[in-house]
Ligand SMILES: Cc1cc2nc3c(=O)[nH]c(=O)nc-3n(C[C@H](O)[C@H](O)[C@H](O)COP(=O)(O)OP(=O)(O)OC[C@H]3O[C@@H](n4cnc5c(N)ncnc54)[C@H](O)[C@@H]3O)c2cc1C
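Here's a solo chain for you in structure tokens, the form predicted on its own.
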């Protein structure tokens, strides 16, 4: 078994040494688990990813999904690994025993799914949305809805979707026109259309459960008037058997740049007035219900970007070690050497390694915070963990997907002309990765969420919580002589982040609000790099401590962790100051030029 998908030694370092997730096993929530059970889970996930998911990735990309007469045929090669995934209980790994789950930490679920996404992104997309649909029914559904829909979703017999986007609305969810009309039996007649629905029509499962946002007839405009509905492809009888086809049809699938094995569907509801849906949660609280799906999906999409970057980096590293071209630097010897020895290639690889490992730490830390919030019994402690989750979510989503794609692009560059050819996987990784910066809220929306809401929420409490956690690690690393200058560097970046945050908040009122808001994406990018500086400093002092007493096999790994941390903090992080200086200039040409600049 060859794993060129995920560096599991690094994953284990993050889980066990940086985050110390074994502490979760001391809580009542996760008390049934131990490092031994975690290791069994990771090992089994690796085998499934390497032996079942990865071998059918190229076939799924080449064959794609076939749309005929309103139905979609998924790649036949996906059927077996999908079945094995469901049989293994992976869909409900982090869920409680009462719903058939294994009560594992969410960070363990994410560590395993990095393998699955890296092995076969298109296939694993089906699973993520299905889990989110089951979870939102678990949280908001009636007992009958849980029996009819939740359990089959967690078992993988049904697949699930999230149906928000409409042609005229796009990301403006409040502009949705899908309508729900009350029926005497308590159901609703759903009428409208949705676009860009991942797995909206497929033949991998016996039924599809759509979680649909629609407006009950007569309810207010905007997001506050929306409600959430369960709309199955096939109606489900009281005894759990499938009934008649619901009045919803797939009118087409998108022809996309990547994830060809995942159908992105156009759905029409109620063309014949017979589409029945069931209210999920309270009326006019649909956006609240749906955000439980979206928040889980946003961090999961961040994982997708990071996972594809991980696979691309490992493929590029393998290629650079084997490909010989050019003589050794600084010599007249024309004997060809592996390209990994050339300075430009090596810097590219180290940049890729740094972002891959830093983003892995960020995503797993964010999900670890979710676990700690769940496991904590003290209300103040729960609030602190939730603050971390809420502020880090848009950063984890946007930075992981933007930088994950950049890693894929650099992997192509390392391969040279071969990277542009299909015989090498990196071109597919790049095509599959690009969507992650777009769906589940574009990265521009994540930036607006961070700048417009998250840093201001609770009078800045969530922002202060993140900064306090950063400063704790800076103080700890400052006591290690070899890391003291790097701790000082990260400390300066955190202080600068606080200052530029205050600057933009002051400018974001009155006539400067539009211009201030235009800096939301650069601000998120700055924030992301500072967070990664924190992650690397944390990893570096953990690695320094672990070096003492480490065996010969582990010493090179810890040395590599320290070197990667120093590279990021010393060679990548300083770029944030130039970006901050640019923001401080507050150049007004952006607002003064108007739209005339775009006239050709």
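Fair warning: this is a prediction, and the values are worked out from it, not measured in the lab. Residue numbers count along the first chain shown, from 1.
The same protein has a further form, the form predicted together with the named molecule, not shown here; the description that follows concerns it.
- With respect to the named molecule in the predicted complex, the three residues 197, 442 and 448 uniformly fall within 4.5 angstroms at the level of their nearest heavy atom.
- Although the partner is absent from this view, residue 425 stays clear of the named molecule in the predicted complex, with no non-hydrogen atom inside 4.5 angstroms.
- Put simply, residue 202 is far from the named molecule in the predicted complex: not one heavy atom of it is within 4.5 Å.
- Residue 259 belongs to the set of residues with a heavy atom inside 4.5 Å of the named molecule in the predicted complex.
- In the predicted complex, the named molecule sits beyond 4.5 Å of every heavy atom of residue 227.
- The contact residue chosen from 264, 387, 473, 132 relative to the named molecule in the predicted complex is 264, the criterion being a non-hydrogen atom within 4.5 angstroms.
- Site annotation in the predicted complex: the residue of 216, 438, 494, 99 reaching within 4.5 Å of the named molecule with a heavy atom is 438.
- Note on the interface: of 400 to 408, 158 to 166, 361 to 369, 319 to 327, the segment with non-hydrogen atoms within 4.5 angstroms of the named molecule in the predicted complex is 158 to 166.
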